[in-house]
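The chain below stands alone and is given as structure tokens, in the form predicted on its own.
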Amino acid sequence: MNEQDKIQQLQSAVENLLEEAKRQGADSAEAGVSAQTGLSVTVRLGETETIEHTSDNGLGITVFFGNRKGSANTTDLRPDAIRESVAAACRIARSASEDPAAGLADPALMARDIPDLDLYHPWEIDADGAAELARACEEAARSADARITNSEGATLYTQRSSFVYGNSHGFVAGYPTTRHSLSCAVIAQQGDDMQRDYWYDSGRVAGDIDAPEHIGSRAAERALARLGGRKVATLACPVLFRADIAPSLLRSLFGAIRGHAVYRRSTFLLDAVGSQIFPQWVTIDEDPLRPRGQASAPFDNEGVATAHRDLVADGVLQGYLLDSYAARKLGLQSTASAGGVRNASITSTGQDFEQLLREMDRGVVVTELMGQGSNLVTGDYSRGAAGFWVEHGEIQYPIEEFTVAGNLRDMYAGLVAVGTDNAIPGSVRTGSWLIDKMTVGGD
């Protein structure tokens, strides 16, 4: 079955779900159905370790009896299972409390024209071909240096997915997607010191993924660079969050401006719309309609049309991230944020990584974060970390077992520069962040 036929099949399943919900007495309903297949092959120490073929289905139905809501999920798409899932959702809704904010998204906001975002590029590769690429990746890492003494393996993963969403407004639409990745993790050893690190690449199109040899070499380079780690004394200094770590700082921002945190008044950025929270040069946007984007989508999880949007402009917070429920709680309109931020990016100040080191002069580069140390209610931030010590604008040696601490509001306001080194896999595009001062806790 080709993908277009599969989409049509899923559309029929959604339409049947909605019709069944109506037959069982629901005033309105929404449903989403997905189907995906995948191949994952892992090679370790030159031998094929695992081959996994996956095939998964998923169905979710939400019904409304007035403002009472009930939801149910299943992985079984047989007609009897669908009827039972709808019945379960209806039972829940009938016994639920009234909630004036509950209901479908505004019908006027539904996506009308569904653009082709070029998200579907299947990779016709079998397990043997996948193993060959993974083996080349791991071999590049293992042969990079005699100090690479062990490997956790290299994994190639490819997936095809189809998704359809519909609701009682008459909206039913879906699209297919693909996602491919190649990763490698190795262990470097020097004496008793052992360090692990990894690298990977991912994309919608297999041809966009970096060469296996480059991924493996970079994994080895990162592991080797961590050997000989030292402790650092506690001090206050500039901190440079490397580009592969910096997205976590943006995700903390997104969590703090999420509508559900706002209406619950559990965010340090409460009532901050219109306020300057970053330096004036900062713009942060999301672009859900970017062709081949890793988080691209023509509509959100409620069928609301997506569009390019500035979240921060000239350092000023422009708005919150609202699904229809949070929007009603706040007396606002959905921002097509059901399902999160899609393809976020932040402006760069134009320096590459080496230039950022020179600008910092003396301080800490963070290359790994550990633990869950972001309190989005207060903004307090404290994370275990590993990285490098910098003197005179150059990396001197690796450091480990330290913490970086501050407050997110101060960290955002103290953002000095964002680098051009933003070629990092993922849906958040940012270079390295240089923050003027944080507390580094060591010995």
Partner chain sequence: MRPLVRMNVQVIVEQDGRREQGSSGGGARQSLEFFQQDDRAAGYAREAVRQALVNLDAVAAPAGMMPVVLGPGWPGVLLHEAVGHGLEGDFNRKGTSAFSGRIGEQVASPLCTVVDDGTLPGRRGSLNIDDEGTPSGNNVLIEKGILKGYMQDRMNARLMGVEPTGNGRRESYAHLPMPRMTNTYMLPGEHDPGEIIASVEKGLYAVNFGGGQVDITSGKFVFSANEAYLIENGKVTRPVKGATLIGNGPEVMTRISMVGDDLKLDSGVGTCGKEGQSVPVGVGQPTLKIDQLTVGGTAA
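No experiment lies behind these values; they were computed from the predicted model shown. Residue numbers count along the first chain shown, from 1.
Below, we turn to the form predicted together with its partner chain, even though it does not appear here.
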{"property": "Candidate from T37, N67, N375, S28 lying within 4.5 Å of its partner chain in the predicted complex - any heavy atom", "result": "N375"}
{"property": "Interface residue in the predicted complex among H121, R362, R251, R196, criterion: non-hydrogen atom within 4.5 angstroms of its partner chain", "result": "R196"}
{"property": "Contact test in the predicted complex: A417 vs its partner chain, heavy atoms, 4.5 Å", "result": "no"}
{"property": "4.5 angstroms heavy atom contact with its partner chain in the predicted complex for A108", "result": "no"}
{"property": "Contact flag, E394 vs its partner chain in the predicted complex, heavy atom cut 4.5 Å", "result": "no"}
{"property": "is_contact(P398, its partner chain) in the predicted complex, heavy atom dist at most 4.5 Å", "result": "no"}
{"property": "Stretch in contact in the predicted complex with its partner chain, which is absent here, among 322 to 330, 308 to 316, 188 to 196, 242 to 250 (heavy atoms within 4.5 Å)", "result": "188 to 196"}
{"property": "Those residues of 390 to 412 which, in the predicted complex, come within 4.5 Å of its partner chain by heavy atom", "result": "E400, E401, F402, T403, A405, G406"}
